[in-house]
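Single chain ahead, by itself, as C-alpha cells, in the form predicted on its own.
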Amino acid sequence: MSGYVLAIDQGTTSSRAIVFDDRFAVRGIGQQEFDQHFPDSGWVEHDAEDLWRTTVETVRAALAAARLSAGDIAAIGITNQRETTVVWDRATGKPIHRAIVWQDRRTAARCAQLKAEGHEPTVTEKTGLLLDPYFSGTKLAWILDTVPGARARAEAGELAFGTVDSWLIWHLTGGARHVTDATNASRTLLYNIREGCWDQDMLRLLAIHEAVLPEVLDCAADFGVTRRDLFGAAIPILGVAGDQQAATVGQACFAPGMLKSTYGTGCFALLNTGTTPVRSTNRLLTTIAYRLDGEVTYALEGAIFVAGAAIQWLRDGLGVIERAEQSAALAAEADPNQAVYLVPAFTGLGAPHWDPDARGALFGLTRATGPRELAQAALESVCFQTADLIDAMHADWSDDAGETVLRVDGGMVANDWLMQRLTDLLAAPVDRPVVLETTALGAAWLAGHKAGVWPDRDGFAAQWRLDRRFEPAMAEDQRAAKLLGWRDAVGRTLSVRG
C-alpha cells in the first residue's frame, strides 16, 4: 500500500490540505482563506459551507501539487479548529445557522449565570473545562434557543451538531457518518473525560438532547470513506484530532512531562500528564491529549486567545507594518529604555485568568513610543502569556521534574527574535523542529499509523528532528523586571480585580 497520507487542516482563517510521503516530507499543499463574519461586538462566525467548499478545493489542489491521484492516498487525517459549532439539517445537509467560532463571546452572560448558580465545580470535575463561552456547549444551546423550531427538531432527531471535524466527515462521506473523536468531544462542555461518554448531567444543565450528538471514536479509527465523486476514488478517513492535540501528536509529545506550544491566531500550550487526569488549581484546563486503542492520555492545557492576531492587528488595524515578517526587525530596534506592554485582550483573556469581559490595553506609552516599541510589545505579549501558562503548569503538576524544554510550532515560530525573547522570558530552552507543519503531521500520523503504512509511536518519535534550540541569555534582573511590569499591566486590564 502507498505510504502517502493526506491531512486536512481546517483552521480559523483558512483551510489547508497537505500530502505527506512515508518519510513525513511534504509533497503537495493546497490552501484557501475564507471570510470571517462579525455580526455584533464579540461575535465571530463562519459560513460552514465555506469551510466545506474550501476543504474540497484544497484537497484537490494538494493532490495536483503532489502529482498524485486519490487512489495513491492510503488515508486521510483531519485536524480542525476546535470548539467552533455547527448545527445542520440531517435531511439536506444544510446548516441552520452560521458556525459560531471558538473566539465568539456571545454566551458570556449565560456562562456567568451558570457560574453564579454554583455549577462550575461540577462542570470542571466532569469535563475538565471551565464555564466560558470559548467552549461548544453554550454555543450549541444558543443556536437551539435562537433558531425558530430548532430545539424541537433536535429532539426529534432531525438536526445534527458537530465541531468542524464532524461537519466535514458528514459531507466527505455523503452523510453516512456522524462521528467525532475524543479530543474534539472533550471541548464541548458535554463530554465526561473520566468516563468517556456524553454526560447526562451536562446535557440536562444545557438542555441538550443526545439525539443531536455524534458518536465518539478514538483518534485513530474508521471514520468512514470519502465519496468517490469528490476526488476520483474513495479514500478512508482514519485519523481525527483537534488542532492542538494534533500538534501534540505531531511534536511526538508522547511521554508524560513533554510540553508543546503552538503559535497561530492564538497560542495553546499542552503538557502531557499521562493516563491520569490532573485537576488544575490554577485555572488551566484538563483535557484529552489523545485516545488510542481505547486508552486515554490526558494533558493540562493553557489557551491564549491572541498571539498571531496581535501582529495582524498591527498590520490591519493600525497599519504599523505591511507584512507580519516585519515585526521582528522592528522589535529588534526598539528603545530599550521604554517599557511598553500590550495586553491583547481583544476577545477577553484566556488562561489562567478566564476573563471574557477584559479588553485590550497598551501601557507605558510616551511621546517617544513608535512602531518599533509597538512591535516589540505585541511580540512580547505572546511570550509573557506563555510564561503565565507554564508557571501555572509547574504549580499544578508535581511530577514535572528536571529542566522543562518547550517544543514550539505554528506560523510565528519562524521568527527568531520572538523565539529568543520567549526562551529569555521563560528561562528555559525552546526547541524548534525541522517540520513546522506539526498540526497536519499529527493528523497524518494518526491516519497513516491506522492504515498500517506509517510507524508506531516510538518509530514516529524517533523521526522528530531539531532545527534549532534557543537558550536563555537575558539577565535575571531584567527578566524579573519585565515579568513584574507585565503582571501589573494584566492586573489593570482585568474586568474584576482581586
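Residue indices: 1-based, along the sequence shown. Keep in mind that what you see is a predicted model, and the values were worked out from it rather than measured. Heads up, when I say rigid core I mean the largest set of C-alphas that superpose within 1.5 Å between the two forms.
Omitted here: the form predicted together with a small molecule. The next part is about that form.
Would Y263 sit within 4.5 Å of the small molecule in the predicted bound form, counting heavy atoms only?
-> Yes, Y263 sits close enough to the small molecule in the predicted bound form that at least one of its heavy atoms falls within 4.5 Å.
Going by a heavy atom distance of 4.5 Å, is G308 a contact of the small molecule in the predicted bound form?
-> G308: contacts the small molecule in the predicted bound form.
Decide whether G128 counts as a contact residue for the small molecule in the predicted bound form under a heavy atom distance cut-off of 4.5 Å.
-> Because no heavy atom of G128 falls inside 4.5 Å of the small molecule in the predicted bound form, the answer is no.
Even though the small molecule is not shown here, does E325 get within 4.5 Å of it in the predicted bound form, heavy atoms only?
-> The answer is yes: E325 has a heavy atom within 4.5 Å of the small molecule.
Could you check which residue among V87, I390, V123, L379 gets a heavy atom within 4.5 Å of the small molecule in the predicted bound form?
-> Spelling it out, the residue with a heavy atom inside the cut-off is L379.
If you check Q338, T173, N282, N415 against the small molecule in the predicted bound form, which one has a heavy atom within 4.5 Å?
-> Comparing distances to the small molecule in the predicted bound form, the residue within 4.5 Å is N415.
Can you check 179 to 187, 420 to 428, 317 to 325, 290 to 298 and let me know which stretch has heavy atoms within 4.5 Å of the small molecule in the predicted bound form?
-> Careful reading of the contacts points to 317 to 325.
C-alpha of I321 off by 2 Å or more between this form and the one not shown on rigid core = True for I321: a C-alpha shift of 2 Å or more.
After the core is overlaid between this form and the one not shown, has the C-alpha of N282 moved by 2 angstroms or more?
-> The answer is no; the displacement is under 2 Å.
Is T265 one of the residues whose C-alpha moves 2 Å or more between this form and the one not shown after the core fit?
-> Yes; T265 is a residue whose C-alpha shifts (by 2 Å or more) between this form and the one not shown when the cores are overlaid.
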